[in-house]
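Starting off, we have a lone chain in the form predicted alone, written out as structure tokens.
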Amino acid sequence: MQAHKGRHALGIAASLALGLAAAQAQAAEKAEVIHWWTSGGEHAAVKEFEKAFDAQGGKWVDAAVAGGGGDSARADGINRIIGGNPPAAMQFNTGKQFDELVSNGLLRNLDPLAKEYGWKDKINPVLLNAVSQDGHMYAVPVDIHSNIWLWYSPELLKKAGVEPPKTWDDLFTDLDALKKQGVIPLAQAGSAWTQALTFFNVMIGEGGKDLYMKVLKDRDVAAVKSPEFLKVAQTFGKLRDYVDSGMQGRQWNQATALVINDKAGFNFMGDWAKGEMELQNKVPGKDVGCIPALGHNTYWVGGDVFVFPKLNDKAEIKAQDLLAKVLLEPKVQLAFNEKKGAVPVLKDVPSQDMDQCAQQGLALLKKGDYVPSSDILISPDMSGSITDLVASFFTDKSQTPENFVNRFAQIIGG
């Protein structure tokens, strides 16, 4: 009988525990989050946000939309916001992609949260300006990415008897040597946005950051028609001779993996490539070499942000507040960015233990050797026109650099 009473007591305790768990689950601050981080490294990184949010009483509802460049995710999220069914939070690239949502009054003004947590004194000023309009903050930046890295396989370069390049002439010498070895000299993905990324590598690395700023910030048509920009177009066009026939249909992480696995010599990609290296237990800067803008070493300041659409439900707004706070906590910033391959957006996050490539990037930022990303400088429409032009040129060898320059000038000149 005593034993029966004990079992009964345990049953009540279990029921209470289950009831409490159910109540806690019900009380969790649920937030649906749209993003496009679906590669292995990206998935590992975004799980850090999810773990931290859930640990503080939130319930992360993942709404990932595949597609490396984020076009599908942005279209899905914007349609939902305009249609009156917004998610709690949505990813954009740092820059002008969400300006229209702000001007139409569809996003929350985050100034109260920024004041409560002192964000405006802690966030890198370039990013703070990029997420603000008329002095008001409308997005939470979560990482600083540089898109203009050249990754290489030290093993393949050694076998080919060449050194890591310091100039573009060095690079073409290396590419020729790799070609003779029968390996893929340059691993390139087929997506237009990855080809645009390669172009910006050439534009800044070969042309220099002054030319880049004249073209994209000042919309200087004369700069586009200069001998320096023609040289950029010629160098970019020359790269077409070193990609393999498997380029079309290849995703960015697959191109990066060819270098990680010593099947290709080089790959132009943003520093999120390091997430793929970490997944394969490879050390950036050691197992895979890195160069931040070959020729003119420069850091491209871009990255990702989350916006918070206006909602009416108080519980959902509370979940947004919690999520925004968690995204910018120093420990969460460090954990996320180490797996994402980026650097934290907060100035006071310790970074001495980050990898060699991150240290190179941080040194460039400290010296002021950086430029704002194209997403910060130009509109989504102009960015789309440039991407289309670049992809058309890169995939069609019959197009000449001179023709590319003329069409580029038309886009910049409006």
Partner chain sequence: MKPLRLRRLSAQVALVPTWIIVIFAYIGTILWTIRISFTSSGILPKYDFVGFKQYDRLFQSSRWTISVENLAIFGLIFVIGCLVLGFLMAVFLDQRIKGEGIFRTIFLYPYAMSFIVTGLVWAWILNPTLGIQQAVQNWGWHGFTFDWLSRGDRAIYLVGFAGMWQSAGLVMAILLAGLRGVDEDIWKAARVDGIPPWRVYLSIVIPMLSSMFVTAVVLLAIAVVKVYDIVVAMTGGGPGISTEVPAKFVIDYLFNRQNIALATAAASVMFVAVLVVLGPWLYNQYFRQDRRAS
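Residue numbers count along the first chain shown, from 1. No experiment lies behind these values; they were computed from the predicted model shown.
The form predicted together with the partner chain is left out here; the points below concern that form.
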Exactly one stretch in 378 to 386, 365 to 373, 51 to 59, 350 to 358 has heavy atoms within 4.5 Å of the partner chain in the predicted complex; which is it? 378 to 386
Looking at L322, I78, L110, L150 here, can you tell me which has any non-hydrogen atom within 4.5 angstroms of the partner chain in the predicted complex? I78
Heavy atom within 4.5 Å of the partner chain in the predicted complex: which of G285, G246, P330, P154 fits that? Just give me the one. G246
Applying a 4.5 Å heavy atom distance criterion, does E100 contact the partner chain in the predicted complex? yes
Indicate whether the partner chain has at least one heavy atom within 4.5 Å of a heavy atom of I82 in the predicted complex. yes
Even though the partner isn't displayed, in the predicted complex is N104 close enough to the partner chain, meaning a heavy atom within 4.5 Å? yes
Contact with the partner chain in the predicted complex for S392, defined as at least one heavy atom pair within 4.5 Å: yes or no? yes
D71, K96 and R407 all contacting the partner chain in the predicted complex, non-hydrogen atom within 4.5 Å: yes
